[in-house]
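The structure tokens that follow cover one protein chain in two forms, given apart as structure 1 and structure 2.
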Structure 1
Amino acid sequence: MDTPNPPLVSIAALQKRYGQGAVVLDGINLDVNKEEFVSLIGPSGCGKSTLLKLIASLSPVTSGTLTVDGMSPKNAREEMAFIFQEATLLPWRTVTRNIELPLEVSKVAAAKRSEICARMRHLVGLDHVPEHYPRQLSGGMKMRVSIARALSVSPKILLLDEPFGALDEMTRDRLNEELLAIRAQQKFTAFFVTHSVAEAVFLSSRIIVLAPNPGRIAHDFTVPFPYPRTAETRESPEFQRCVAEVSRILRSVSPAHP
């Protein structure tokens, strides 16, 4: 009998609090396998971004365990890349030089940097603006640079904290489709924070619904339709049913407003 592969990310009895403040996350148990696309949704303040930061080793766990590829998050840091809501590009660097930044930090040779950068630039559709500066780019183009920069280090895990939240709906939908096309080639595992149920359903293989006060997993929802997904996917009755079901779950864990 084949031994099943261990989870790529394993979280058990995790608790997080900042200093002596209230508990932000409590009793988090979650196993995520290689190449899953997991979205985290829930009311504001339920700890979605905090959980992402714990996985990325940007903040320490208070208690419980969290392993990434069998290691502590700190020791697995080189296997991960983080994309924030803002593109966080360096304004004095061109598209090309922004994409190359993590490779420079890792002291990758110039010729190899150039080769990887060209490949990433092509992957995200920015071959026509290699020497543009961030001020010359639209919001969607800036986010493409951010994605290319993150993928330049070939991460096993991509952590995305509402990367498309500030974009208009048309640009957001297009970048969702492009992200899945890139993932089909790069084969990374994704953790994606969003407030959009439709975005979560479109992108994900699983959706983790967090409830607040303290943050905890209320529901682990498996998205029932296969990849690849296209613009037509959003128009299907099955997609609409999924959005309605996850929306209902989200409403059930959201604090009531007077």
Structure 2
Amino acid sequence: MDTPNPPLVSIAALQKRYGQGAVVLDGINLDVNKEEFVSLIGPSGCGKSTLLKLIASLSPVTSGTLTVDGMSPKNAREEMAFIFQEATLLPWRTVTRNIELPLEVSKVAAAKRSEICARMRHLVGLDHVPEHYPRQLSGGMKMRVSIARALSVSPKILLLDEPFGALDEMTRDRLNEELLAIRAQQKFTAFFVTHSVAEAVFLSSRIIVLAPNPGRIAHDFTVPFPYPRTAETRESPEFQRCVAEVSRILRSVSPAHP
């Protein structure tokens, strides 16, 4: 937000429905600037994954406009990487070869490829299973392969759909910090879906709370802590207060269960 540049991602009056189904997202207006770290939170089924897919142009917009870096999202796809909610590993490739896939596709030289891959594999703590096939991995390990795969390219925009949901708190916290470190280096813009408010607060510069039925922006919350953030940030009372505040907002938009 330091320059008055045009927003990197600009969404206006966006509506989305799948086929003839109910409206999933309605009246979404959102401008996101370069290097913002935006978390999306909201109740299950409110349209978070859908919004990411629209930004990635994996699903067509029903009405409204959506531009990425001034282009149609489809043309901007080269600048993005996506960590899907499901691990989507190729069952016939080992851990290493799954991580290498995007590099292979973009024709990175073999030596460079395996160097990057080794680094990413180490980052997610899978050094001990380079030749395992997906069916031999635990749920969390699969997700970590998927994370390593997305981080191995250096995107301008990173779309993360609950990447750390299947991980233990230790690994999760560590990967949170690694993610911020990479961000400090590569300066990507992130759209991050999570169900952990603490995680959202720790990572984001901005938190969007979605309300369900149809999905719409209920709150747009700026996180006041400066980067870099460390383990200490988590301990601070302001952090706790912020988490409590966002939780309250989230609670207020969640559908009451009869």
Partner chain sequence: MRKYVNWLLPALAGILILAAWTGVKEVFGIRNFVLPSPLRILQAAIKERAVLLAAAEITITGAALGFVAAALIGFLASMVMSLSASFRLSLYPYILVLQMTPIMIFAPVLVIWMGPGLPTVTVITFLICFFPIVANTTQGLISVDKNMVDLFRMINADRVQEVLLLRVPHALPYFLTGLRIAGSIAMIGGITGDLFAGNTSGNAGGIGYMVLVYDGQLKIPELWAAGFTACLCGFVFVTVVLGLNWWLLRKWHDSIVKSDV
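These figures come from a predicted structure and were not determined experimentally. All residue numbers here refer to structure 1's sequence, counted from 1. Superpose the two forms; the largest set of C-alphas matching within 1.5 Å is the rigid core.
Colleague: Please state whether structure 1 or structure 2 is the form predicted together with the partner chain.
Modeller: Looking at both, the form predicted together with the partner chain is number 2.
Colleague: Give me the angle, in whole degrees, that the smaller rigid part turns through against the larger one between structure 1 and structure 2.
Modeller: Relative rotation between structure 1 and structure 2 amounts to 20 degrees.
Colleague: Quick one: how many Å does the C-alpha of residue 109 shift between structure 1 and structure 2 once the rigid core is superposed?
Modeller: With the rigid core fitted, the alpha carbon of residue 109 is displaced 4.5 Å between structure 1 and structure 2.
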